[in-house]
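Just one chain follows, in the form predicted on its own, and it is written as structure tokens.
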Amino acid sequence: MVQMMGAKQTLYDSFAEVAKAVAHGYRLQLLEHLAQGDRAVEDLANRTGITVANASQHLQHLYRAGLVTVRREGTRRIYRLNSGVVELLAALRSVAEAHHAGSQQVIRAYFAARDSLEPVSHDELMARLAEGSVTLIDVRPADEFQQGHLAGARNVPLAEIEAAVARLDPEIEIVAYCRGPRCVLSFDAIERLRARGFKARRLAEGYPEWKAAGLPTGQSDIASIP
């Protein structure tokens, strides 16, 4: 019995180590970026707005907890997200949005206020893509799109929305997605599209959640809108 209790405590301590590793806002941001594809330390630092030394330190915490792996390409260290981490992030987000007052306030004041329409579900999007009644756009940067995207998506980075408007069919509803459910890129994209008379909605989740659910994805075989 004593040995069993010791093993159980060791197991719970390991759970706590994982929880401690993600208990930092920057680390969660780093994991979000890694959910889009493999990244070098320098790139991750640039995307999160922190120093390379700071990013490297946070990544080491994530590595020791088993959340990421690392490989070397010359002098560069390339990090990759381990399996199950996308689901962990989704669970954290779900609990925080349901029970954490600060999260709920931000959602009401920023996200819900900008888009009160119900987002498109996975099932609805799959059905509408099959019947050709929707245009699916990925508003992430081109390099993230090239690492992987939803099958059937066109890459229209947020900065290129205005230039792409003339080449989008105003008679077909547009569904936009980006890095995740609370990624501001898709909120910005649908605001701009609606202001120009398009019917536009968000996908309920982003590329990482779609991929984790085993739904169809593609690589750089689908070109950006010319």
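Not measured: the values here are computed from a predicted model. Position 1 is the first residue in the sequence shown; the rest follow in order.
Missing here is the form predicted together with the DNA; even so, the following discussion is about that form.
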Note to self: I'd like to know whether residue 27 contacts the DNA in the model of the complex, with contact meaning heavy atoms within 4.5 angstroms.
What the structure shows: yes
Next item on the list: Consider residue 69 of the chain shown here, and say whether it contacts the DNA in the model of the complex, taking contact as heavy atoms within 4.5 Å.
Entry: no
Margin query: Residue-level question: is residue 76 within 4.5 Å of the DNA in the model of the complex, judged on heavy atoms?
Written below: yes
Margin query: residue 53 versus the DNA, in the model of the complex: is there a non-hydrogen atom within 4.5 Å?
Written below: yes
Check: If you check 160, 188, 42, 173 against the DNA in the model of the complex, which one has a heavy atom within 4.5 Å?
Finding: 42
Check: Of these, 47, 199, 192, 61, which has a heavy atom no more than 4.5 Å from the DNA in the model of the complex?
Finding: 61
Checklist line | Stretch in contact, per heavy atom within 4.5 angstroms of the DNA in the model of the complex, of 136-144, 76-84, 122-130, 97-105 | finding: 76-84
